[in-house]
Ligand code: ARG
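Coming up is one lone chain in structure tokens, specifically the form predicted alone.
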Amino acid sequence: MHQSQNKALWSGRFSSSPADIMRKFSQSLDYDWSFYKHDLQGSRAHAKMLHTINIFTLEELTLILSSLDEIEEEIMTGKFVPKISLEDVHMNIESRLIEKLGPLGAKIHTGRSRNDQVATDYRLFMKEAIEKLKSKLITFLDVLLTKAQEDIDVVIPGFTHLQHAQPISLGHYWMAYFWKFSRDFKRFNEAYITTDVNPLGAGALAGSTLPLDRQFTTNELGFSSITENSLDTVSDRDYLLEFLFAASTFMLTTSRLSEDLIIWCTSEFDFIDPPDAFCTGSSMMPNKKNPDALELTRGKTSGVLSSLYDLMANIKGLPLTYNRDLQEDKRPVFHTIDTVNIVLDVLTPLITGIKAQEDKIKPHLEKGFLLATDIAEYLVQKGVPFRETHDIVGNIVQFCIKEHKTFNDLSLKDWKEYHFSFEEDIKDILSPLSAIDRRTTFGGTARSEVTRQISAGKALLEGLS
């Protein structure tokens, strides 16, 4: 006897169907319909495995597989419209299979629960999503390498406490973010590894009395390993938390980058000119060029951080194993996937199109006495203890502020008034470009070191591609 299409496939022990408001309240189609390809993929693997343990004959398996192919075609062409009354993607596809094959279609769920079914779908979905993000992030990392090469000779003030500190190569700045984002890539990759484990066969919570071959479906679905414990399998959302954490740190990095660039766009700084295509104007003020893409990136970060907390709060008190609360795990994850994708789609061409305004940067190199540390270390090399040189140069800075002078305005007589060790070669210290090239410490801002970093970055990308 066929299951009535007005009743749920799990309705055997119930005397009535769910209330309409309950159907609406409990459905998950608005999110999990995105899993339809993965659900079909899992069903194909499960059916093939059932054939190997003699649940399906070869003829039955052939009918099942051809019907699943037909259902996929119906979905892709829009002929198959899912029903909310059937709650989710799994029940919709299974019901359609039963419509096509009758009792044979009803055998597809043998040894399987929606609990391990959704876990399988979700992991397959997340593997694809993470691979797509990793590919985009590699492209973005390559853009940062290109910018570092382009701007290696551009000198800008480096900042601590948002105050002028020491001169750096703009190429060194771009490489700083290259390394930050490369760690984000590593975190996404770790999330992928955690995700790449086969849950199919765990059943509702305790496995099955049938001799299910989990290694077969692992190989068939392209997973690297099998989950070890059925209770853990059904309840596990750690792989989603790892992804959300990776996405959160990525967005934190983009937000910090955006903050720098927003500041550098202001008329007070004017270090860079962002591409017009990623800026907007004002409806009232015709003079405005607003870095909206950067501001939106900074703003969207909070939504991704909230998504991590959303899932953490969801699972913090859940007992083993499956609870319907877990149906709510998709909203924060899908939102995060969409956000990270569009941020990468925007930032990649935006960063590519940024132009450094060296003529506007140059006056800033005269502010803040950026070469004070270089002068102190000049005296150190002449045998003066650093704490003494620190005090000497601090007094020189104080004098320059009082007299409205820069270091370049001082005569040798002025320098010698503060210490006899100053000689004519002090003038050689006062070039910002030579100052960055003196910082040859491994990882420093010297152009030779930035070049080394770029080479290391290229080697890293070659290994990731």
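Each residue number is its position in the shown sequence, starting from 1. Just so it is clear, the model here is predicted, and its values are computed rather than measured.
Not pictured, yet referred to below: the form predicted together with arginine.
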Location of arginine contact in the predicted bound form, chosen stretch of 269-277, 319-327, 165-173, 355-363 [non-hydrogen atom, 4.5 Å]: 319-327
Which one of Ser421, Gln41, Ser28, Ser431 is close to arginine in the predicted bound form, taking close to mean a heavy atom within 4.5 Å? Ser28
Option touching arginine, based on a heavy atom within 4.5 Å in the predicted bound form, out of Asp151, Asp184, Asp374, Asp88: Asp88
4.5 Å heavy atom contact, Val333 to arginine in the predicted bound form: no
May I ask you to state whether Val118 is within 4.5 Å of arginine in the predicted bound form, using heavy atom distances? yes
Lys127 versus arginine, in the predicted bound form: is there a non-hydrogen atom within 4.5 Å? no
Lys136 near arginine in the predicted bound form, any heavy atom under 4.5 Å? no
